[in-house]
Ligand SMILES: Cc1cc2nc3c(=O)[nH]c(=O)nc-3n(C[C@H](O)[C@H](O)[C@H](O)COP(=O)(O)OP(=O)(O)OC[C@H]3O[C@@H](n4cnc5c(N)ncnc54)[C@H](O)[C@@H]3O)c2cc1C
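Let's start with one chain on its own, the form predicted alone, as structure tokens.
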């Protein structure tokens, strides 16, 4: 059967762009189909704009609190439109990297339009039938909208609209206390909006280490964010121009509602049933080679559920690329996705970063062979110098020093976690982290935490505790 392309990539987000660019550079014939704009959620509605807004909010917070360093900061004025203008400038600065012209220059045929599979071998878009040796579905996800009575009538924002807001609301309720809700909730509070967060559980960011999440919660509360726990938004009404949200017995009156309750995979319009591709509740079902139930179709990124991060989509894209592009060989020896060492960070202030297992997961899997090495930032001199003593590094290991996971909550946690990620990826013992670190830097928090295992082992060694004093006494008497 003669086909038109080596690979047809469906979806121009993070994963799809990696596959298309790399395949084209390897001289494959590639078509990239995108219904809207290249760059996906990350560029337009996710990582790039959110971190830009977070930075503007952090600057506002630091200016307002500069008096603790003896710097006058009276009468601080926040121009919300200009702060959001910074967000748009950053998007426009990065967008050329993901532009159609750049990919066409690589040799990728970029096709804009909403298409669907018409059989197991053909994808149709704009009336054109595309055939390929293999297809890659990377259509991403969208914000989930729960069926709350009155919500649509009252109006709401998701991450797809919030970065286009030019007039700051005086008050906002954030429905959902996961990473996105916490990041944006804190940012709007710092930019002058009174924020109330509704958490369906007793812990914000429930996937994180409870002790680390509690540090972030304490900071949110200190900054004036209200958190309603163990509650859900039951109904919404629009009364006298205000949005009234009922959460249990509490009535919350605000100017705006921001939804942050999870993501839904973009699969509905693809007609995957015609292609013989199985879809579950979380998205397209794939095996460890990221191959679907149709051997000619692969999938990566948010559309398969799992870890919904840009860097994971990029990693999965590499696995997909090698398997799909070199399928005659790879069908016997496929590359497989390995999620043992997947880091992520929530960019609240303080930041919260994680890799590997939590302490609870480690204890369930390894029993008593677990050590928890916890180092507070307050004992790190650079943290003291910068008044950034909130938080800690927690490294979970076996008693022999195998790193099982790590959690850092504090200043620059998203940067500091990478030293531990590198050690885990290369199967290094925690002792590798005790090497020389520049003084004074925040990275000392990792070396100090790692050193705790050696200190603990020495303290538990009764022979050395007894032998060394006698040994040193003998040396002194010679």
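A quick note: this is a predicted structure, and the numbers were derived from the prediction, not measured. Residue numbers count along the first chain shown, from 1.
Form predicted together with the ligand: not shown, discussed below.
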Using heavy atoms only and a 4.5 Å cut-off, determine which of 330, 121, 232, 311 is in contact with the ligand in the predicted complex.
-> 311
Contact residue in the predicted complex, chosen from 269, 288, 166, 73 - any heavy atom within 4.5 Å of the ligand | 269
Residue 180 near the ligand in the predicted complex, any heavy atom under 4.5 Å?
-> yes
Does at least one non-hydrogen atom of residue 114 fall within 4.5 angstroms of the ligand in the predicted complex?
-> yes
May I ask you to check whether residue 40 falls inside a 4.5 Å heavy atom distance of the ligand in the predicted complex?
-> yes
Does at least one non-hydrogen atom of residue 263 fall within 4.5 angstroms of the ligand in the predicted complex?
-> yes
Can you pick the stretch from 23-31, 48-56, 444-452, 422-430 whose heavy atoms fall within 4.5 Å of the ligand in the predicted complex?
-> 48-56
Looking at the ligand in the predicted complex, do all three of 10, 35 and 347 come within 4.5 Å of it through at least one heavy atom?
-> yes
In the predicted complex, residues of 121-147 near the ligand [heavy atom within 4.5 Å] | 138, 139, 140
